[in-house]
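Given as structure tokens, the chain that follows is alone and in the form predicted alone.
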């Protein structure tokens, strides 16, 4: 007997109630933002036009940012491809090994790239090598999870037949399972390459190379014309990477035709780019690393500060984690509401081409700015606190959700919309009755995924005074207070695990 589903109005009311509770908890005050909007417009006015004389100073750290992204994405994706067959429940890996590896992947997925980069600086020293290591681990964790999920949904009949014939498990996987998931695997890797450019742009905040240190320096000194130059460089880099990624995705998925010779040239060119980036990333600096530091870090996880872990007042772990969740929840909801009209404006299937091009450019400009930069800018207007975190998460959500929404709109079936158009329905009515019902599942999945990402991003917003658990974690790590850092890490692991369970439950209910 199937379980009875909740009425849609009940789900909507519950969502609204959670949003208003989260907004109240984080001190959202739109009146304050409107009152101090002049601070934001003043900053934007000082950023543009940018200081073109500063461009030569930007190019080297910007290249390091791209370099870390390329090397880390490729290495992480390759490591994930090696480990995913051992994590999939429908393949032949020993159950005990599978459980252990999935636990390690879940642990790595818990932490944003910035925290991984900070930990890497204790092992590999200051510089791009630490940032590359962090991007590699970050990519590896996400790609392992995605590839494992794809493998578990693939047919294993041919795989089992090859095993019965004595074929080794890895060879059977690459012959019978991987060809069916290869297109999705490469598409996910290309999407992560785009994302990793933005992540790499802030790793300099913790000394892990890239343009982040320069960006933080110029914002702190309020040299906003130079900040504008850095952001313009990032925007152009993101445009280039996204255009290349979209073109390659078209080849991978078969939407764009190419000759075998062109494919070979592309493979050789990409391999050469990866090898060049890897060879020039720089060597690690082990002068700061020691076995004693590694043992202290591990001891902090094994023997955390349980008093802080169970502390119930406003300075305790539970309160800080709750604030992090509320920042992510309120910011994701606001971002989703803003993203929908932007996505409609950016869709060439609904709007005229010039309007769609303008909408897509605005969305790309929004998502090309690293989230910590938004935090540093908003804090000038609203002051330190969780409200700044909500605004930062909302704007970052707009950048990425609008892209996912546009992709969903561009693949929707337009026959119902065309039928309503033939009947004389208005554009708004066609969107409301023909498009949104089809798009609701894809939109819901995108919002749930973004909320999952925002939990991790919100966990480091405290670094710029925007609330959440980030400031105590970074402070504890920088002061070698590993028991407190261990307690926070365990709390984050539990929180992300619970969010994953809730997200899977909601997605399962939506499909039921």
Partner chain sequence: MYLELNGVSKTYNGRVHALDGVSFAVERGQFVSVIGPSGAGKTTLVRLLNGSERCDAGQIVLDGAHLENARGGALRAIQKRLGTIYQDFALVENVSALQNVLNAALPDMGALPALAGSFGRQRRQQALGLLERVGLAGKADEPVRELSGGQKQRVAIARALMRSPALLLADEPVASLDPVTGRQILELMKDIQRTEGVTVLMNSHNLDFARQFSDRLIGLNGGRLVYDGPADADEDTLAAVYAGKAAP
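Positions refer to the first chain, counted from 1. Quick caveat: nothing in here was measured; it's all calculated off a predicted structure.
The discussion below concerns the form predicted together with its partner chain, not included here.
In the predicted complex, no heavy atom of residue 440 sits within 4.5 Å of its partner chain. In the predicted complex, its partner chain sits within 4.5 Å of a heavy atom belonging to residue 161. Taking non-hydrogen atoms only, residue 171 approaches its partner chain to within 4.5 angstroms in the predicted complex. For the chain shown alone, residue 167 is a contact residue for its partner chain in the predicted complex, at least one non-hydrogen atom being within 4.5 angstroms. Heavy atoms within 4.5 Å of its partner chain in the predicted complex are found in one stretch of 414-422, 200-208, 153-161, 324-332, which is 153-161. Between its partner chain and the residues 350, 176, 87, 116, the one pair within 4.5 Å by heavy atoms in the predicted complex involves 176. Of the candidates 180, 318, 384, 284, 180 is the one whose heavy atoms come within 4.5 Å of its partner chain in the predicted complex; the others do not.
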